[in-house]
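Each of the two blocks below gives one form of the same protein chain as structure tokens; they are labelled structure 1 and structure 2.
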Structure 1
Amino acid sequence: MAKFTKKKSGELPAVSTASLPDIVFMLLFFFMTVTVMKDNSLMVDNVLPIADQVQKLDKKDRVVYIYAGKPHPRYQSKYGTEARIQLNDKFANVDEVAPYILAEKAKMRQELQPLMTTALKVDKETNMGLISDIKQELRKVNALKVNYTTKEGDALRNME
């Protein structure tokens, strides 16, 4: 006849932590692959105008951004309150736009260079004269595909 014995100690076995380093490294690699680094820090005020007929750009690798607007309050003591142009992470004059566009175009792959689009992210309080000057510089370097970045909404709200 078989003899059954009951376990006398009711303690649970310790939880195995052997897989914990694998989980930590898996999370680390996940965040390293998913995280996108910020391209530019904005140095100008950039409240975009509102438009009702908006089209989204699909391929961001073909877009070169030019920012325009009043300098952010932390830069106003050095650069004043007049609207300025920001190219990458520095303020620029109008005559620096053409060399910047040519340099950005040279960085692109050969097959993408004819498809380059220049996106103007302009504050809604910026004078049109500055925008016209930027467009003249773009025309000099044959960068004729220009996009105005806006927010989607009722265009009549721009009058407020």
Structure 2
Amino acid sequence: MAKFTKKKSGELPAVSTASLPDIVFMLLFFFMTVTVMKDNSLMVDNVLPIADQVQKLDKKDRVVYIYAGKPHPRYQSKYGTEARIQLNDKFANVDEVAPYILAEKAKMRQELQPLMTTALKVDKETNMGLISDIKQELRKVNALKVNYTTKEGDALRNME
């Protein structure tokens, strides 16, 4: 008889959480494989436009990134709402693009320098004036390979 009374009736057994670490590790590995380390924090809005005739960007060691767009709300009191260029964590003027490209090119390995591509990551709301100015600067320093970075999708959706 004592055998039956020993069991504390009414109390629920604890839920096993033994698989919780496995689940979290799974998520962790997912994020480790599909993401890359951030190397600059964005100070501008950066919603990329959409295109479907895209080509993959070259390896990272031969790509120079130029960001442009409206300053993030955090910086708007200081820099206004007009679209700006961001180079390496800093806001920059148009005339700083050419020296920046040359500096980045000099940092690259010798054999990769002719393969340098400039990736323009520009917010879709930006006016073309700013981009034309950037393009002029790039032409001045002979950085002629550009890549307009876009999301993949139907281009007609850009017009919405």
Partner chain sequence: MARRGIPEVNAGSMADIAFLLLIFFLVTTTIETDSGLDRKLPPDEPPEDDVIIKERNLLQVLINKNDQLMVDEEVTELKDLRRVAMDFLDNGAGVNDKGETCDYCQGAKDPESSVHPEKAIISLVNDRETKYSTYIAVQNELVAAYNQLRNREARRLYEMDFTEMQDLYRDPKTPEDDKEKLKPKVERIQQMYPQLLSEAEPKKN
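Sequence positions of structure 1, starting at 1, serve as the residue numbers. Keep in mind that what you see is a predicted model, and the values were worked out from it rather than measured.
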| query | finding |
| --- | --- |
| Index of the chain form predicted together with the partner chain, chosen from the pair | 2 |
| Rigid-body hinge position between the two structures, taken from Q53, E111, D58, V36 | V36 |
| Degrees turned by the smaller rigid body between the two structures, as judged from C-alpha superposition | 46 |
